[in-house]
Structure formats: structure tokens, C-alpha cells
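Take a look at this single chain in C-alpha cells; it is the form predicted on its own.
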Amino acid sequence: MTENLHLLLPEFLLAALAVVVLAIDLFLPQERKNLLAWLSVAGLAGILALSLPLLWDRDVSLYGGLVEADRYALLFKAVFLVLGMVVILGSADFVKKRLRSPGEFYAIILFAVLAMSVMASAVELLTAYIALELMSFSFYIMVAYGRNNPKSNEAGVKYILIGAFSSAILLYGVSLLYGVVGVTRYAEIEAALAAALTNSDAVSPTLWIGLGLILVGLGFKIAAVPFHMWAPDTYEGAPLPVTAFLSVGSKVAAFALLLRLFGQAFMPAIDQWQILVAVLAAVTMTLGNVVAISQRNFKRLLAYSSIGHVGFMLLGIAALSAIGAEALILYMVGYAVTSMTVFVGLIAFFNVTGRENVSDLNGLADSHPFIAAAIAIGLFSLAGLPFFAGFTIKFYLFTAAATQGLLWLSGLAMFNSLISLYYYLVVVRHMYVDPLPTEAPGTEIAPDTGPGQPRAKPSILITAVLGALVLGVIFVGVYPFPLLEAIKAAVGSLLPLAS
């Protein structure tokens, strides 16, 4: 077994990189601490360059079957490493101006990326739980990182209390499941469930309670309705780059865990849990999109928007199959690129204004047309308009669900996409139609000088990151085939019998 431990080198290097960033932070003078962002990004890029040839075409169990080095894990490792680079580059200006201890901040991001990578690789319940908790603890700290901001402190307290409660529910569900089947590895759980279900009279009710509690615990982590109550306040209070990372990273990582767990462990019981997940998806997407209409703070609006997208992603779990898994992974990647486009655009706006209400975006197209265009492209993609990533990923996902007998749920998802288009267009109207604020009736304030308008140009760095993300949104929307090939290979490792 030890001869294969080099396949975990990316995880070891991620942990080492985080420690190195912390150590160097102790010796750098304050005016040079911005170099830590570049060190972190260079380290992540190096780990990505190492991971691709090291893990390509591998399918090996490590540590006695606790983690898997396969194409599914490799795909998500690459996604999380790239996401970490985008978050760090997009937050560099924000951290420099508004947060203390940048080395600690970047190190915590690296630890979160490490946890996400292990979550995608884990094929055993306790290993997945430990990785999930490492990610959660990283976000607990980051949400409360704005120590001089009472909202950030309040959000951190709320998040850690709800997070601890959901972790207890999840762990209790794992213990009940273990009490019935006596194993925690996914493959062994699948075999035990298949054997138990052949004799339905022998199935203990404790088994279904355990499965239900696991679903509830994970529902809290992904902010599915009715376990979503922490998300709006947490998103609003957290520093904006943390809100972006929490909205995207935690969702993609949790669904990477969910997809492997349900695909490799709970698949024999799909007839029992499919309708439950389908109803959860329907309620989540509907409430998230309807409540988003009334939001005036763009962090809260995007919080409810992300809840709606959780409902869409749960649609992929309910339609679990080879084609459903492919569509869900494509959706996760497209959602990550699209959401980060919107968030980085808003970070660029916030860096020079310090404002976070939707009405503060009035006239942004006049003062900074590129930022306004990037945010608009991201919002149109989230709504699912053609030529952008959102249209392609929704088309694949809704089609996959319909072919699996969930036509009613696909129809509801399309209706919810129309609802989301309304409140996204409200934001676009503020940027492109509503005029700049005026000091007095009939007196218009010049661009870059009015309340809520950028008073300085965003940095070249965040502009370049935003441009790359916009290109990514268009590329996934117009030509997703290279990505689909990689996804098909990953699903072949995840569901070998179905592929």
C-alpha cells in the first residue's frame, strides 16, 4: 500500500504550502505582504501542474480504501485548485485594503482547498466527514475575518452554531447507518444495502432514519430548504471574497461529496430516496428564486440565488445515472465560473466604493462599462440565456432529469429560471438604465464622483481576472466539448457499471 502514497502528494503539498505561507508571513514587512498572494497562487499552479500527469488515468485505492485516486478526484482537484487561484487573485486588493493578517487569510483558503480535494477523493464516511469539517472550520474563520465589522462577527457566530448543529446531525446519521450495516466504506455500504433490500422485511427502520439524518446534515451544509436559514445572514456579514468562496467552493465541494456518496454507496436504495431528493430540489429552487426578488443587498440576493442553484443541482442527484452525473458535474463547473464572474465584478466595484446595495450600482455602465458588462454577462449566464455557460449547463441538466422520468421537476426548474431572470434583470437595469445619483433635482453627478459610484479605477489584476472569467463563461457556453470529455472520463470512474 505504501508504494502508492505518492499519489497523495498534491494534498501533502497543499498542507505544506499553507504552512509555508503562514511562516513567511511572520517575517515579511507589512508593505510587502501582498507577495503572499502571488506565492499562494504560484504554489497552487505548481500543484496543479504536478497533479495532472501524476494522477492521469489512475484508479487506485489508498489507505486501505479510505480515499480514491481516480479521474473523478482528479477533475475536482483541478477545479478546486483553479478556484483557489481565482479567489486569491480576486481578493488580493480587498485583503490589502480591508483585512489584517493576509498570510493567515491565504493559508486558510489553502486549507479549505485541501479539504475540498479530500472530500472529492473520500470513499469512506468518516474520512469524508473529517474533510467536510476541515472545510467548514476554514469557512467559520473566514466568515468572521472582518474583526472590526460587527456584521462579520455576527455572521461568524451564526454560522458556527448552525454548522456545529448540522455536523452533529450528520455524525449521528453516520453512527445509525454504521449500527445497521456495520461498515463505513462506500463500496461495502452499497453491498450491504443491496443485500438488505433483497429481503425488505429484514430492513431496520434505523437504516432509513440514518440515511435521512445524513441527508439533513448535508442539507444544512449546502443550504437546501428548509435548512438554509443561515445562508443570507452569513453571506451578508462575511467579507465579500469570503462570500464568493463560500457560495461557490463549499457548494461544488459538497456536491462532489454527495455525488460520490449517493452514486457509490446509496445507489441500491435509489427508489427510497429519489422522491425525497426531488421534493427537496423543488422546494429549494422555488423558495430561493422567489425570495431573491425582494432582496436589496446584492450579497443577500446572491445568497438566495445560490439557494436556487442548489435546488437545480439537487435535480442532478435525484436523476442520478451516468448521464445525470455528467450533467451535474458540468453544471457545477459552469456554475463556479459564472458565479465567480459576478462576484469578482462586485468585488471590483466594492473595492472602490465600500457599498453593497443593488441601488448603489446605478449608472455603473457609464462609469465603468467593463465591470458592468462582466456582471451582466454573469447574471445572464446564471439565468440560463443562450451563448453563455448557464444555458448549456441547464440544457444538459434539465434534459438529463427529463430522460430519467423527472419531467415535472425539469419543467419546474425551467419556470424557476424564468423567475431568476426577473431579479437578475433588475440588477442589470440599475447598471444600464437608472441614472447616476444626483445631489439636487436636475443636477447630475459626474461619473466616478457620485455616492455609490467608483471613485477610482479597479486594479489591473482584478480586471484581468474578471476578463479571464468572462471568457470562461462564453467558452463553456459555446464550446463545452473538451470539458464534457473530461467529465465523461470522471463519471466512468464514479459509475463504471453505468458508463
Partner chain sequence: MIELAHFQIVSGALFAVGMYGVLARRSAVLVLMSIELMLNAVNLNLIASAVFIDPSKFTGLIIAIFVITVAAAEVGLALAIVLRLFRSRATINLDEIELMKW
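Source: prediction; values computed, not measured. Residue numbers count along the first chain shown, from 1.
As for the form predicted in complex with the partner chain, it is not shown, yet the points below apply to it.
Think of it this way: in the model of the complex, the partner chain has a heavy atom of just one of 408, 370, 395, 178 within 4.5 Å, and the residue is 178.
Contact with the partner chain in the model of the complex, judged by any heavy atom within 4.5 Å, is made by just one of 111, 423, 227, 129: 129. Contact check for residue 192: no non-hydrogen atom falls within 4.5 Å of the partner chain in the model of the complex.
Contact check for residue 156: a non-hydrogen atom falls within 4.5 Å of the partner chain in the model of the complex.
A residue is said to contact a partner when one of its heavy atoms sits within 4.5 Å of a partner heavy atom; residue 182 meets this definition for the partner chain in the model of the complex. The partner chain is not drawn, but in the model of the complex it has no heavy atom within 4.5 Å of residue 104.
Contact with the partner chain in the model of the complex, judged as any non-hydrogen atom within 4.5 angstroms, is confined among 74-82, 336-344, 274-282, 156-164 to 156-164. Residues from 232-261 that approach the partner chain in the model of the complex with a non-hydrogen atom closer than or equal to 4.5 Å are 233, 236, 237, in the order they occur in the chain.
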